[in-house]
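Same chain, two forms, each on its own as structure tokens: structure 1, then structure 2.
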Structure 1
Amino acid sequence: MKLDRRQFLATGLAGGATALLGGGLARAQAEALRIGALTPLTGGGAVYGTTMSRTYTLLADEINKVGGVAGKPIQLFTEDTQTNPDAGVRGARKLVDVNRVHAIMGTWSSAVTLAVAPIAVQARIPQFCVSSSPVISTFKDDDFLYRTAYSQAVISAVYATTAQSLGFKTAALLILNNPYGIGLGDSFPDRFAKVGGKVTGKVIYNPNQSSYRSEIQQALAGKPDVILFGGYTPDGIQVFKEWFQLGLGGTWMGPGFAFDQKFIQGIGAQAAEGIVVVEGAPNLAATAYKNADKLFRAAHNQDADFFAAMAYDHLMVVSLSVLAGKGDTSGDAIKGQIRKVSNPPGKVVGTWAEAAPLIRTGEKVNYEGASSSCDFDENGDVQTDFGVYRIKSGKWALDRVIKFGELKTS
């Protein structure tokens, strides 16, 4: 069942109420663990933002039913970034100034994440994002900005390795004019050169154009073997249709959040055949992923994808950090516990049921996440594995999994 924005926000508010009241935990707002779910419910990232927002509700309900976090119910406040930095800033200001949240989660699109980050840093509350710009790693955040997605500096190495394995010698880049696209355009040429490849063209485009014909022709003037697309689904549909009409050659490669099912439906399964898709791979063996998938399948009758897995990790990490801090919900207290509950050493855990009893007795835990190990480095980044797919008969078909340790990222 598809929900329009009004219906989704209504169910989101209901979910927030459930998250507060579940298990008889009706308490004053000041006593709750207040979480801001700042995701795109409309715009280019809507399908992923909706998935993340639903996952926050599902996990909050599960934790609240067994007593909440150190006796505090999780209360969710949902805002729509509209996949737009200005809307993201407005939502963040409301979450911080009105709802007085203890953490912000779910910012999608590097432009949105980087616009919201100064607000979170000033408020001294953790922000968890699923954005990929390399700038996020070096942002002056006083250790309040955390990323569960890959950096473009890392996925560029995956693209280069994949292109080499498929026998592609030359590549062109068609990339969006935003921090995500620019980061990809800056990092891929060097990675591709290290495996013997050559970039024959790089064109930066602006979104929402009536036509991309000129940009396509300019990027593909060198007749590349593969075209690396660094944009989102709506632009991708139009770009691909115009490329097809021009009768130009080459194989397309890009991220899963651009070449998703909406993209395939938009251009047709036959036209999409053979496109190379690269996306972060969930941590399938972890109990965290198995629980996230169980929750999501029960509620929505579909598997938890990489973005649902990341959302599960956001809320688990913050909840475990508050529990380890004996209920302290201040931003400084939360960030002080994040690596203590997520990084080794410690007893490996993936669910609230596994972790909470151990933390209450003072045992060190190592949260193994649904999307990755969730071992945060000094920049707040994690190491993710990747799935490489080919589109076949209108669906992604897994070709191989590339482990982070296999990559040469420097």
Structure 2
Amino acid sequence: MKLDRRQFLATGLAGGATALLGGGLARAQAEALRIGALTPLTGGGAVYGTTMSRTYTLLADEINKVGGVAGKPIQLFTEDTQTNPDAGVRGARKLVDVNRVHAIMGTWSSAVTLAVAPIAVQARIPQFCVSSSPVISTFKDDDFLYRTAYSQAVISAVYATTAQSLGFKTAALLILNNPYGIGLGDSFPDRFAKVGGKVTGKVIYNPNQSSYRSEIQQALAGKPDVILFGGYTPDGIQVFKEWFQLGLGGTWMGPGFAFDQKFIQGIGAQAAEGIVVVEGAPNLAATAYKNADKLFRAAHNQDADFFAAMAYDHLMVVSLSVLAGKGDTSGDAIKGQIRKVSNPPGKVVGTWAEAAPLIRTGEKVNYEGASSSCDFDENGDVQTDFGVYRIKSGKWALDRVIKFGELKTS
């Protein structure tokens, strides 16, 4: 390990004379792989952040039990983004400046991810996010920013393919007046036309209205087979409450983050029945997912969802990269190994027990993740599959899986 002047001083100040008199080497070997878990534990993303934070702990424990990564135990430092860019930046600064973490993972919400990214890039450490803004693909990140979630750029194609596979030939849009809603409204009609569908109407609504009755009636006017909802949970609850109370019928389709458990509680299971929910799907067949699910089930008595699967992948990819780099925890070294351990070619692996012995003997591995294949492209993006769920008795029930390859994305 090379000591630069700053680290040398810091070691000296912290450890005193013993550190200077030969203790430095011992410290270096025992040094942990420090991971910054920067997830939303409060605010809008609290449900997802808590799941991810729990998964990091479970996997870190599993790896530490068998001796850590190249002799280094994984040490987790947890900060709460509060689903808020300001708090996210404060948390990231603390992780970088005080804890001197080797990687940051778990940022949810594109605003938080993009606010934290410059800090990670400046500190030259990898950041793993679960946000969906297309900007994250093109962000000037010097290849330090990775995401395991899908980009919104593909979501219109996903809806189109979903509608087609469920036999819907006509669709209307009811979308929120913000960049996300308008973007969906602009891109969906073309995608839907490519699979032979027709859009009967597009209604844009403002949030916080005293009534959504006229918007709902307009959206339903063309008698579409399905209505695509492009909003969030809070406005969704108001819109669907009024829709149900109008008694006009119709089938709805929309994203998982709008039709979450809070939404179902808000409008009741009866009104939510039959809604089509589209969300990233875990890579169910992979050993990585099976292991993540086993860990999560044992600790929390719940299936590992897409977010648990993504968190599992973040920590696995970083740990495998450090191991492949013979214990080098510098950001540049980790970055250099990420695609080597997770992309083909190589022997397909999904758990630490499968992968570690192979890497130690110098064999090339291809990590097949719990949330996707985790084959990172030049933008640090992956190709996730999608789950199509129908709400049944207040719960999401998996209807079918749409593979990334089935999408007509161009």
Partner chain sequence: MIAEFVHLTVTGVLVASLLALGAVGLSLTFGVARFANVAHPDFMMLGAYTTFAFNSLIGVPLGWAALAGIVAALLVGVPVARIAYDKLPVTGTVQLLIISIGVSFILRHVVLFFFGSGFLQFAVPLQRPYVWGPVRLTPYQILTLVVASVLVLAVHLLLSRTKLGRILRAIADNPVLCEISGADVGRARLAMWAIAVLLASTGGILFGLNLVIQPNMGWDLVIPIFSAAILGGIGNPYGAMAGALVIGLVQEWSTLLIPSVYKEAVAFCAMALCLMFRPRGLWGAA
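By rigid core we mean the largest C-alpha set that fits within 1.5 Å across both forms. Each residue is numbered by where it sits in the sequence of structure 1, with counting from 1. Keep in mind that what you see is a predicted model, and the values were worked out from it rather than measured.
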(request) Could you let me know which number goes with the form predicted in complex with the partner chain? (result) 2
(request) Once the core is aligned, please say if the CA of R191 is shifted by at least 2 angstroms between the two structures. (result) yes
(message) My question is whether L246 is one of the residues whose C-alpha shifts by 2 Å or more between the two structures, given a fit on the rigid core.
(response) yes
(message) After core superposition, I'd like to know whether E215 moves between the two structures (criterion: C-alpha shift of 2 angstroms or more).
(response) yes
(message) Superpose the two forms on the rigid core and tell me the Cα shift of I204 between the two structures in angstrom.
(response) 8.2
(message) Could you tell me the distance the CA of D225 travels between the two structures after a rigid core superposition, in angstrom?
(response) 6.8
